[in-house]
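In the block that follows, a single chain appears as structure tokens, in the form predicted on its own.
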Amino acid sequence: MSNPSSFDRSIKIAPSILAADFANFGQEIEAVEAQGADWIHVDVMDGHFVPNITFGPDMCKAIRPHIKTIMDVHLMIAPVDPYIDAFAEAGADFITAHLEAGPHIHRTLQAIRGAGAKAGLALNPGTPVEGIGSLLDMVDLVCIMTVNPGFGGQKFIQSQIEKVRTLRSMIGDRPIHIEIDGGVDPTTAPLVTAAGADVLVAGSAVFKGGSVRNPAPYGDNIAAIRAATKGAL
């Protein structure tokens, strides 16, 4: 099992279950982990902060026993603070909140760590990275959105690569993961890993072509993304 308390900058593939079969989440998670997934990414959307509705803490609690690696919960919701304890109690290893979701992100990051989870900070494509320097000592992960949040299967926004490069320089030797969420595939993965990212969220690029009954394509897809990053490092 992966250990969220240890830190390394090796490339980690985090399949987003938003692209999985909703009727078979437990089996889908077990299948994709068996095929090489490093983390499991859970996209929580509220129909308010983003134009889509997905899952809540009860669903996270239900799938937690099926996850042997890391449960990486991305809260695309506003407000965030009232729900932090529920997602922590559901077993989230990482809880990521959006800088744009409320006026008191410092308090939100404190609350996430206070609830016993690793704290993540997500930035939308239109948000500059330079303003988060005062928050870096409070986070364990920064998620750079390379699509506008709300839906899977969107086209990668190339202009975000420079943001990743800037963030990597800002982080220095701090133990902070740089996560990329949106449009990750074998073509875009080497671009963001060369810029400094180490956690790659991939939905359709991992789950396409496979199923619980035929999981081998999941492994092929994960391997293709991972292989594409080798020459970038």
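Start at 1 and count along the sequence shown; that's the residue number. Everything quoted here is computed from the prediction, not taken from an experiment.
This next part talks about the form predicted together with ligand DX5, which is not shown.
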> Does at least one non-hydrogen atom of residue 198 fall within 4.5 angstroms of ligand DX5 in the model of the complex?
Replying inline: no
> So in the model of the complex, does residue 76 come within 4.5 Å of ligand DX5, heavy atom to heavy atom?
Replying inline: yes
>> Is residue 70 part of the interface with ligand DX5 in the model of the complex - any heavy atom within 4.5 Å?
In response: no
> So in the model of the complex, does any heavy atom of residue 18 sit within 4.5 Å of ligand DX5?
Replying inline: yes
> Quick one: of 102, 91, 125, 153, which gets a non-hydrogen atom within 4.5 angstroms of ligand DX5 in the model of the complex?
Replying inline: 153
>> By the heavy atom within 4.5 Å rule, which residue out of 142, 112, 145, 80 makes contact with ligand DX5 in the model of the complex?
In response: 145
>> Counting any heavy atom within 4.5 Å as contact, can you tell me which stretch out of 31-39, 200-208, 61-69, 168-176 lines ligand DX5 in the model of the complex?
In response: 200-208
